[in-house]
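Here we start with a single chain on its own, the form predicted alone, put down as structure tokens.
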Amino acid sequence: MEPLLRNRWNRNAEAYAELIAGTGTPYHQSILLPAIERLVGEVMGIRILDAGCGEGYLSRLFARRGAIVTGVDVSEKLVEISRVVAQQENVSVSFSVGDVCDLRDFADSSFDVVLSNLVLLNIPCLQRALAEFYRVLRPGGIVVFSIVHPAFNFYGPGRWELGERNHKTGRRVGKCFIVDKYFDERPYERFWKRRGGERFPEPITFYHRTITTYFAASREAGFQVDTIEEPQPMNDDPFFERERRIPMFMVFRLRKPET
């Protein structure tokens, strides 16, 4: 991983942990996580690698359900936060500093599931990461990874055209989503905001790629592409007016062949 990206995530670690707030943002909770949980399936006793674990909220969630979880992240500060929170919540997870594009600390076929939640769109080394996921998975194991939907990527070439603010939801009404140069695969830098509205200390790099690129890279790594989902909000909360019209996320489940 590029040192610049590692340093930026270290600088953003506290702001990111505050944003996640232990359980994920409303978008995670109401749209993304139900799909991830369904695609991962029953976890009792299975070995999960949370590749790019951030502050570890998914690691803790699956550990509470009986999985044997290892979380790895490139940011030393995020790993430190993950360890502290897991200890405070009395959840058993093994956290370590590492690069999802070079999982040298883990043996071949050492996991049943690799989970990578909103990570692959933030790294330059997509193909290497998928090759490493393949290597550390047992035959028949699965990868579940999520990304911001490439066709409606507001961290890349797309944006909402917005109308008046809905005072009940606190959000501006979406008129339409505008996207251009979808096939122009390149990095974008965006500043996230804390829950109070302040900017993160450092920008976050997003690597816009097409759906075809993710599909082809998965096949090239040796995986069978088992499922692709575009999850919708799980409730009728008017807050998610935009997300009921176009998908915010895309989730892949890949399978390593048995032989």
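Just count from 1 along the sequence shown to find any residue number. This is a predicted model, so every value here is computed, not measured.
The same protein also exists as the form predicted in complex with a small molecule; that form is not shown, yet it is the one meant from here on.
Q: Heavy atoms within 4.5 Å of the small molecule in the predicted complex: which stretch in 157-165, 170-178, 134-142, 72-80 meets that?
A: Selected range: 72-80.
Q: Which residue, Phe200, Tyr57, Tyr214, Phe223, is the contact with the small molecule in the predicted complex, using a 4.5 Å heavy atom cutoff?
A: For this set of options, the contacting one is Tyr57.
Q: So, Ile20, Val100 and Ile123: all three within 4.5 Å of the small molecule in the predicted complex by heavy atoms, or not?
A: Checking in the predicted complex: Ile20, Val100 and Ile123 are all within 4.5 Å of the small molecule.
Q: Verify the contact flag for Phe249: yes if a non-hydrogen atom of it lies within 4.5 Å of a non-hydrogen atom of the small molecule in the predicted complex, no if not.
A: No - in the predicted complex, heavy atoms of Phe249 and the small molecule never come within 4.5 Å of each other.
Q: Is there any non-hydrogen atom of Phe191 lying within 4.5 Å of the small molecule in the predicted complex?
A: Outside the cut-off, so no.
Q: Closest heavy atom of Leu118 to the small molecule in the predicted complex, within 4.5 Å or not?
A: Close contact exists here: in the predicted complex, Leu118 approaches the small molecule to within 4.5 Å, heavy atoms only.
Q: My question is simply whether Cys53 lines the interface with the small molecule in the predicted complex - judged by any non-hydrogen atom within 4.5 Å.
A: Yes - in the predicted complex, heavy atoms of Cys53 and the small molecule come within 4.5 Å of each other.
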